[in-house]
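Coming up is one lone chain in C-alpha cells, specifically the form predicted on its own.
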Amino acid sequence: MEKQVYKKTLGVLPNTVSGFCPGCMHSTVHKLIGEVAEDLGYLDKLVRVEGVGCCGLGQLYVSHDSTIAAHGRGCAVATGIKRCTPESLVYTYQGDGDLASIGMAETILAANRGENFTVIFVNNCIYGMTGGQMAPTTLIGMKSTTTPKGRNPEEHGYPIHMCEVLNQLTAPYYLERVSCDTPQHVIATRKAIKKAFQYQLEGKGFSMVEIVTSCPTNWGLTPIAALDFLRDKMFAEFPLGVIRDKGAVK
C-alpha cells in the first residue's frame, strides 16, 4: 500500500489555483506559512494582515482570518489586532513598496516598540501589481517603468536594506533574510517563519522574515532567467542570513 508523504496544507483553501504569475514565489510562501501554522497548532488562531498589490491576492487563497490594510499600514493594523487579541498569531504579509516606502514609518515604529507580531516581507525589488515602478529596494541600474534608464543613485538614492535598518533599533528580537529559489532555501525559509512565529508565541516581540524573491513579469524575464538574476544580482545586494536572533544559543 502506498504511503502518503505529502499533502496540501489546510492553511490554503482547497481546490484553488494560484493566480500569481509563473515563476513568482508568493505561492510557495503562502504554502509555507500554512504549513508552519499547522505544525504549531495555531491555524485556527492565525490572523493575516495583507499589504496592497500582489500581497493582497492572498485573500483569495488562504483559509485563515485575514484583512487588508490601507497601503503601507500593515504594521499599524497588526499592532491593533495583536493588542486586542493577544492569543492570536498575527503576521503581516507585505511587499517592498508597501513596507519600505509608504509604510516605512509604521514598520520602523512597530519594530521600535517591539510589538509582538511577525512581519513576512516579500522583497522582489519592484512594485508588482501597480505597474512595475521603482521600489525602495530596486537595484542600482535596474530598469523599471519609472526608471527606464535604470536606477541612478544620484537621482533616486540607493537600495534600502530593511533588515539592516531595523537592526539599528534596540527592540526587534529576530531578523532574517531568506529566499525560495532552491529546495534548500525553501526549507530554510520554512524554518525562519517557524522560528519567527514561535518567538511571537513566547511573547518575545517583533520579528521580521525578509524573503528575497523574483518578479519575472515586471523584470521582463522568463522565470528561469529571473532566478539567474536573483542569484547573480539580488543576493549580492541583499545577502541571505540571520541579521539578528536574540534567542540564538551563544
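One-based numbering along the sequence shown. Model, not experiment: these values are computed from the prediction.
The form predicted together with a small molecule exists for this protein as well; it is not shown, and the discussion that follows is about that form.
Novice: Does each of Thr118, Pro172 and Ile193 have at least one heavy atom within 4.5 Å of the small molecule in the predicted complex?
Specialist: Answer is no for this spot.
Novice: Given the stretches 31 to 39, 183 to 191, 53 to 61, 203 to 211, which is the single one in contact with the small molecule in the predicted complex, using a heavy atom cutoff of 4.5 Å?
Specialist: Residues of 53 to 61 come within 4.5 Å of the partner.
Novice: Could you confirm whether Val178 comes within 4.5 Å of the small molecule in the predicted complex, counting heavy atoms only?
Specialist: Outside the cut-off, so no.
Novice: Would you classify Thr138 as touching the small molecule in the predicted complex, given a 4.5 Å non-hydrogen atom cut-off?
Specialist: No, Thr138 is distant from the partner.
Novice: Is it the case that Gly103, even though its partner is missing from this view, gets within 4.5 Å of the small molecule in the predicted complex, heavy atoms only?
Specialist: No, no contact at 4.5 Å.
Novice: Residue-level question: is Val165 within 4.5 Å of the small molecule in the predicted complex, judged on heavy atoms?
Specialist: No - in the predicted complex, heavy atoms of Val165 and the small molecule never come within 4.5 Å of each other.
Novice: Sort through Thr130, Thr145, Asn112, Thr85 and report the residue having a heavy atom within 4.5 Å of the small molecule in the predicted complex.
Specialist: Result of the distance check: Thr130.
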